[in-house]
Ligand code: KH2
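First comes one chain, alone, set out as C-alpha cells in the form predicted on its own.
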Amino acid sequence: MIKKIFSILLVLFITTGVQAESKLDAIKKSGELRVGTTGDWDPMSMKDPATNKYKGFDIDVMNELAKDLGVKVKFVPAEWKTIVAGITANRYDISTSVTKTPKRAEVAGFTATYYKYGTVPLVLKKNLKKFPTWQSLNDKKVTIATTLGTSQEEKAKEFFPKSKLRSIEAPARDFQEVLAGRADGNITSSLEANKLVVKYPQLAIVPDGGKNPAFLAMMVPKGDKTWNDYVSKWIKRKQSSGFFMTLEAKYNLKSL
C-alpha cells in the first residue's frame, strides 16, 4: 500500500512539480536561436534564392531578438503545412510571425501580438467588374486558390462556401494560380496583397474592404511559460521603444 501511494505521489511530482528546461535556458546555453520561417511571405520573410539568405520585417525582428539575447540566429527552412509541426518536433525554438488560430493554439504557444492585418481577395485587374465584391466570388462557378497550411485556407471555407477551393502546396503559391488563369481569385493578408499588386500590376484587390482582422505573433512550444513570457515582454518593450514602428516605416507597412 505504501509503495502504491509512493508511486502515485512520484508520478504527480514528475508531471506537475518538475518541468523540462525552458527554451530560454537552452538557447543561452547553446548560444543559438533557431527560427523557423517559410521565406515566401513578402514583406515578412523572403528567401533570396541566389544567396539562400533571408530578409524582411520578421527577419529583422528575429535578428534583433537574438542580439538582445546575446546569441547568434539560425534560420531553419519551413513550409506552411508543417510550420506548426516544426515547433512540436523541436526543429526550432520559435517561428517568424504566423496568424493566431484556435487550431494552431491546440498544440503550439503564441507570444504577444505585434501586428494586425485584414484579409483581402485578389483577382486579375481585368476581372474586377466581374468580381466587384466578396459575395461575387462566392459562387459554384468560381475557383478560389489558397496556400496549403495557411490560415487563409480555413478562412476560404468560411467566406466562400459555394466556391471551388483549391489548395496549392509550397513552393507554389495561390496568387500564381490567379496569374495563370487556373483560379478566379485567392485570399491573402492585406500586407502581402499590397506588395503583390505592385509587383504584378495585372492583379488587383477586390475593393470590398478587408474582413476578419487577424493577429500575428510568434509561435513557441506550448507550455513553456518562461520562454513565452520572455519573448512577449521583449515585444512589448520593443513596441514602447518604437522599434516596430521603425520597421513598419522601413517596409512601408501600416498595422490595422
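All residue numbers are counted from 1 along the displayed sequence. Remember, predicted model here, so these are calculated numbers, not experimental data.
The discussion below concerns the form predicted together with the ligand, not included here.
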Just one of 131-139, 159-167, 176-184, 96-104 has heavy atoms within 4.5 Å of the ligand in the predicted complex; which?
96-104
Taking 4.5 angstroms as the cut-off for heavy atoms, does residue 224 touch the ligand in the predicted complex?
no
Residue 188: heavy atom within 4.5 Å of the ligand in the predicted complex?
yes
Does the ligand get within 4.5 angstroms of any non-hydrogen atom of residue 40 in the predicted complex?
yes
Residue contact check: residue 114 to the ligand in the predicted complex, 4.5 Å heavy atom
no
